[in-house]
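The chain that follows stands alone, in the form predicted alone, written as structure tokens.
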Amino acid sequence: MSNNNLNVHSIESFATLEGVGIRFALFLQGCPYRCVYCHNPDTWYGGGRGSIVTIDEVFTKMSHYKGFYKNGGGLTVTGGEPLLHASKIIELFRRVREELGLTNTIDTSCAVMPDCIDELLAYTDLVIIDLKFHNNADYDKFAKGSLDNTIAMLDKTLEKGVNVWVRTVVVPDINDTTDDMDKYINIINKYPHISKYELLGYHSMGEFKYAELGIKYALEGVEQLQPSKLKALQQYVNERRI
């Protein structure tokens, strides 16, 4: 693939959940993690999946909506795992900041630490980090991933002075107790640059995609987290943040 090409899963021109303000959300293909609750398994693979779109095309499309991204809005690159495409995102982020005067956000599971991370963070205003589990055993069991990767990214963003939001998906009978929350908070409270910690309730809205892809859904039969419990757990962690 050319250095000017991105493997794009989808684009949302008026996203409101992907960072500050109204945002142009670019969903990229490819992710090495296999989270049991993932609602976008169609982003796992690269290859022939997705659409090949040039950086110029993305920038031009975003420029058409520039007026809507005022007041802190801008570009969010997510996935899949956007850091698989870090070297290409740098050029896009540079142009968004310098030519459009808008903000850049990365929404990442921290599955990889690219060699060019310092340069990328120099053009990044916010990193949204998915803190999946509070120990390596659960990361391996439920995501085929590693907590160490997330800690490394938290350390790097602290070093570079980049604002961070952290999100955790709460799944019934996996990580939904106050004891779990205490362990998450022990991690969060080590990093003063984390300006927001948000819990997200598990849902099964993406389950149909697994059937379409011929992949077994690991959480079949698990009920969605009740909103009342999510609210109580969010209040619990809020009260314990430093």
Partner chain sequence: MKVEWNGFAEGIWTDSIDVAEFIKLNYTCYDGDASFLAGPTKRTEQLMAEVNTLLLKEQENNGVLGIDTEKVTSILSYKPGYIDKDKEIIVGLQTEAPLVRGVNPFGGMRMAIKSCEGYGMNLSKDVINQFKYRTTHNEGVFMAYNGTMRKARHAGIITGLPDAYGRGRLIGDYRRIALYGMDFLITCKKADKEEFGDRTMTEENIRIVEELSKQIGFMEQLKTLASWYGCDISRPAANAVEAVQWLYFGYLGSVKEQNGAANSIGRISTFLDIYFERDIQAGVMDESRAQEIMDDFIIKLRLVRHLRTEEYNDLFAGDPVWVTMSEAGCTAEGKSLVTKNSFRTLQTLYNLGSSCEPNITILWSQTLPQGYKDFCAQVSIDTDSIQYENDDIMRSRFTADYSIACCVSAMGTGKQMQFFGARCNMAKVLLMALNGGKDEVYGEQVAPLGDIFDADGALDYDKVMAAYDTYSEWIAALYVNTLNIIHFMHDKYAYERLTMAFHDTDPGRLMAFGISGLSVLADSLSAIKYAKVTPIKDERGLITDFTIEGEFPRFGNDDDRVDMIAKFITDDFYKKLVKTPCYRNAVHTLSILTITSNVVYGRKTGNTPDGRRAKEPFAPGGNPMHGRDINGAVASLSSVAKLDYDSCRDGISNTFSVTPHALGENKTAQVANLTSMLDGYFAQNAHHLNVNVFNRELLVDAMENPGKYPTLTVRVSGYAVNFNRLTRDKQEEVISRTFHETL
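Residue numbers count along the first chain shown, from 1. Because the structure is predicted, anything quoted here is derived from the model rather than measured.
This protein has a second form, the form predicted in complex with its partner chain, left out of what is shown; the following refers to that one.
Novice: Just one of 60-68, 182-190, 29-37, 213-221 has residues with a heavy atom within 4.5 Å of its partner chain in the model of the complex, so point it out.
Specialist: Checking each option against the 4.5 Å cut-off leaves 60-68.
Novice: Would you please decide whether Ile22 lies within 4.5 angstroms of its partner chain in the model of the complex, comparing each non-hydrogen atom pair?
Specialist: Judged by the heavy-atom cut-off of 4.5 Å, Ile22 is in contact with its partner chain in the model of the complex.
Novice: Does its partner chain come within 4.5 Å of any heavy atom of Asp56 in the model of the complex?
Specialist: Asp56 lies outside the contact set for its partner chain.
Novice: Consider Ile11 of the chain shown here, and say whether it contacts its partner chain in the model of the complex, taking contact as heavy atoms within 4.5 Å.
Specialist: Yes, contact at 4.5 Å.
Novice: Is the gap between Lys196 and its partner chain in the model of the complex 4.5 Å or less for some heavy atom pair?
Specialist: Result yes; Lys196 sits at the interface with its partner chain in the model of the complex.
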